[in-house]
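A single chain comes next, written as structure tokens; it is the form predicted on its own.
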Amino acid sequence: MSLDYLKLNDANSVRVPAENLHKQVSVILQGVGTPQAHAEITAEILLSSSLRGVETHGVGNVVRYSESIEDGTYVVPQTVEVISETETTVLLSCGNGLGFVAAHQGMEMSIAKAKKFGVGMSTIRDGHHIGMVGYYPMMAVAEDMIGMAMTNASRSVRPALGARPRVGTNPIAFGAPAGDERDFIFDMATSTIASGKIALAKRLGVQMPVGWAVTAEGEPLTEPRGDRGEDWAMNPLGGTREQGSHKGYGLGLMVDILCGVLSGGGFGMQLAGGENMTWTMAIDIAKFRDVDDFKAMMDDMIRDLHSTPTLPGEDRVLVAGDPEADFEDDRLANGVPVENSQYDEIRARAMALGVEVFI
């Protein structure tokens, strides 16, 4: 089934220049006490998501983040603390603040360690939502490195063969630089669909496709629910036993282990809603081989894939990162679409806080 009905368009969104959106998100966060440097990092990551077409993790979330700061769910200003560290690894505490800030620092430290020793890794506890996980591998790619990141979440996905939610959507992202071609940026939930897509379907008042979620009795659920509970669950990637649900389930648990168990922050069944632990890794390509040669082979691989004959009715074969890069090219030139209800909420939030309105 095409998901075009979930896309933003001129009827359900407003186009805003990217620079204005960045300023708006930053000043709203600063308006509730976030230090400017932390607000700028968060605004950059949220805007990147909106630019790349990942609306579920984009600028519209600034309202609930600012509310979580005001009600004390997020500790701001926060202190990102080093709990333990070696030449190639670090365990950080997010300080129960903005997850973006700690994840950004974690990847920065992974990159710095990789430059010295070939590989660097961080795992982060006491954290919250980090937004589009694909942003963090992109940080490594910008340094001619391979990057990887993942984050776990509270339970919303059923285990393979299970009837109740026990695992988070637990996304994984991976990036590698190319030369003349676009970089390879792969970002996926280990559930059939990201939970934000269900929330978007509910806001737009549309049905979910069969396969996204099931009731506690295992019946397909097409009416999007607003709250998580024991009476329904999202499906692991694969959906059914016959189509490989054990694979999505296993990948979700892998994320729980690297993010939650390794950090000590907790796995899905131990986390409250809004708690997220994170893991990042950077690999310095130059420690293995010449970077330009690596990129040239990446170009060859991507071109071979692009030249693959398509199935009937399809226009072209895509590589991970292609659709997002297309979105970004359009939105940098023509403005970023912001869903109508979120546009109104962002403006209202800015006015309520008494900060400048940029959109």
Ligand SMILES: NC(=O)c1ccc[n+]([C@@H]2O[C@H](COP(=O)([O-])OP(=O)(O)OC[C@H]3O[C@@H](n4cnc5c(N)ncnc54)[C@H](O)[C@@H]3O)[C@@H](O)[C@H]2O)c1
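This one's a predicted model, so the numbers in the text were calculated from it and none came from an experiment. Numbering starts at 1 and follows the sequence shown.
This next part talks about the form predicted together with the named molecule, which is not shown.
Checklist entry - Honest question, do S26, G60 and Y74 all end up within 4.5 Å of the named molecule in the model of the complex by heavy atom distance? => result No, the whole trio is out of contact, none within 4.5 Å by any heavy atom.
Next on the checklist: Just to confirm the contact call: exactly one of 190 to 198, 238 to 246, 118 to 126, 252 to 260 touches the named molecule in the model of the complex at a 4.5 Å heavy atom cutoff, so which is it?
Outcome noted: Within 4.5 Å of the partner lies stretch 190 to 198.
Next on the checklist: Which residue, M298, V54, A39, L47, is the contact with the named molecule in the model of the complex, using a 4.5 Å heavy atom cutoff?
Outcome noted: Exactly one listed residue reaches within 4.5 Å, namely V54.
Checklist entry - Of I185, M139, L221, M148, which residue is found within 4.5 angstroms of the named molecule in the model of the complex when only non-hydrogen atoms are counted? => result Checking each option against the named molecule in the model of the complex, the one that comes within 4.5 Å is I185.
Item to check | Non-hydrogen atom contact P323 with the named molecule in the model of the complex at 4.5 angstroms | outcome: Flag for P323 set to yes.
Checklist entry - G131: heavy atom within 4.5 Å of the named molecule in the model of the complex? => result Flag for G131 set to yes.
Checklist entry - Could you tell me if P171 has a non-hydrogen atom within 4.5 Å of the named molecule in the model of the complex? => result Answer yes; at least one heavy atom of P171 falls within 4.5 Å of the named molecule in the model of the complex.
Next on the checklist: Within 4.5 Å, heavy atoms only: does Q78 come near the named molecule in the model of the complex?
Outcome noted: No.
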